[in-house]
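One chain is shown next in structure tokens, namely the form predicted on its own.
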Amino acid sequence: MDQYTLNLLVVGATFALYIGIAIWARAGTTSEFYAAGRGVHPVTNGMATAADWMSAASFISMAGLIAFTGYDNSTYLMGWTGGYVLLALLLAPYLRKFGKFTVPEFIGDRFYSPTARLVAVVCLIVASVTYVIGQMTGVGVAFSRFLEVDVSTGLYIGAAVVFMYAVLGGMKGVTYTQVAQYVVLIIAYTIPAIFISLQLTGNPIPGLGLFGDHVASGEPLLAKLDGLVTDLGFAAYTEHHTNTFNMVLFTLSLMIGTAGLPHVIIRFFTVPKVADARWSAGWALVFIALLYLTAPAVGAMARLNLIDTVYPNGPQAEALAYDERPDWMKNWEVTGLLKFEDKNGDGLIQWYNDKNASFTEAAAARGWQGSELTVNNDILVLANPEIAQLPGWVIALVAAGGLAAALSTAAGLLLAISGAVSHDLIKGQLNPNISEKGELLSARIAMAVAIAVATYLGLNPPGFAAQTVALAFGLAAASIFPVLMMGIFSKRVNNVGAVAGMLTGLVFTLVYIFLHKGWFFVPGTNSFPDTIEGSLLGISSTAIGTVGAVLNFAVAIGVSRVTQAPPREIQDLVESIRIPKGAGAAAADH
């Protein structure tokens, strides 16, 4: 059986499974659509949360970013994992005790303000739409290679699959679909990693193999990799090279952005009790750790294999002839995500850091006139099994895993968006008397529209999958996390302060991102050209969410201090949320 047919069978089987589960668990009420009837077991919810959380950025892009940068991009691992601990300890149990369906509903009730609820809807949609663009990017990358279609067609196929199971099943269907997707993605991620770790280090556990010896050379694996990348003018893999201040802010942005992501928070509304919300968070961390402890090894080993492919006898020897390139390179060239340009006309593939001024003289002495290979970060994990010449079924499994990771998170995000539109905007603001049937219909229509918008924007993403997702985390960090924290732990912050804080954090962060990235849409070009580069104190666009969050806290607290305190019943409500009294059953359930 050829590879294309095998890919088609494996991916098709997983899609059939997801849609079948959605039909079996179809939501018939708004409670089932928004919160799966609040009857999900903590272990099941932990697995679904892990799938919801480990998106295309985690599966496809994170190891690629680590592979091409090394130590400095470990911030993704630290920020995302640390943020999940914040979410589990500081937000999830309290929000579950409050017992609402959506994050904006909590904000509207806690700050006794329809305006606060409306602003929260806007913040949620901006962050979630940005996040879902990254997932659609991952879907396009995976489809373009493994089903041999262009990226646009891949996006349309992925959107159609999400539409069928998310719109039909709601949170109930998505929960059990995400359990299946977690099983697929974790198997797809770890099996190739085990094979490659055995090949390179003789150790079947990738995390241990990373710190073991390279079989072929006898050197420690990381020392071997450091030597190879520095021989090509790249920065040492294991050393820190970037702005430390920006690195800290970026990590914090990912942490508090994680704790403020609505599509993850609403997963904790699906369990029967407050105690179950804590257990769900603990189980989710276990399931997440299986991938996150493997990712650094996948990144390092992929970089090593890629260099060995281009320089089979080492960087000091002659590079690979383009006509002799392996099949995996030919396959990825078709997608446009791997490109070769023979700048010196010698027919060999020179790949090195031509931005390193101190290395260019040595490169010129060898007749090199610029790096000739362009490799998209997002392809490395998907290409890894082919680079390591693993069996065809492993390649097909990785394709299914990458799609499972992207689609599971996309479904969770679209649920958060549809809930905000139908429950908070339509029922909460525009038509409070809408029937349950009408609300369910509006939720499905809102999700369909969100899928269409996300697909359109996914055709022109603002960066690699993980970079796009990092922007979404910054927006969530600056707008949603502070108001949730103050809503739970401060009785003094009022409705005026909450609205002012959210708007300040959101507007500041959005404006900074657009100015820093230079995004000014040019009508008729269908593009966002990078025309301006600049930063405040060296802070990148992906790290500015931390500053936005600080401004949100400061403005909200400051405005609240000079305006009227919240009513006594609201202060009592805040007190009741924090006290563990009655924690066995959630209060205020619908």
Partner chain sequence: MAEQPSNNEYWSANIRLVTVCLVIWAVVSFGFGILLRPMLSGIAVGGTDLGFWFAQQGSILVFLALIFFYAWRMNSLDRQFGVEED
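Positions refer to the first chain, counted from 1. Keep in mind that what you see is a predicted model, and the values were worked out from it rather than measured.
Same protein, other form: the form predicted in complex with its partner chain, not shown, and the subject of what follows.
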Quiz item: Within a 4.5 Å heavy atom cut-off, is residue 371 in contact with its partner chain in the model of the complex?
Solution: no
Quiz item: Does at least one non-hydrogen atom of residue 99 fall within 4.5 angstroms of its partner chain in the model of the complex?
Solution: no
Practice problem: Could you confirm whether residue 279 comes within 4.5 Å of its partner chain in the model of the complex, counting heavy atoms only? | Solution: yes
Quiz item: Heavy atoms within 4.5 Å of its partner chain in the model of the complex: does residue 71 have any?
Solution: yes
Practice problem: Go through 235-243, 174-182, 355-363, 301-309 and give me the stretch that gets within 4.5 Å of its partner chain in the model of the complex, heavy atoms only. | Solution: 235-243
Quiz item: Are all three residues 1, 15 and 191 in contact with its partner chain in the model of the complex, where contact means a non-hydrogen atom within 4.5 Å?
Solution: no
Quiz prompt | Answer option from 414, 255, 382, 400, heavy atom within 4.5 Å of its partner chain in the model of the complex | solution = 255
Quiz item: Tell me, which of 163, 508, 292, 514 has a heavy atom within 4.5 angstroms of its partner chain in the model of the complex?
Solution: 292
Quiz prompt | Residues within 4.5 Å of its partner chain in the model of the complex, restricted to 221-237 and counted by heavy atom | solution = 222, 223, 237
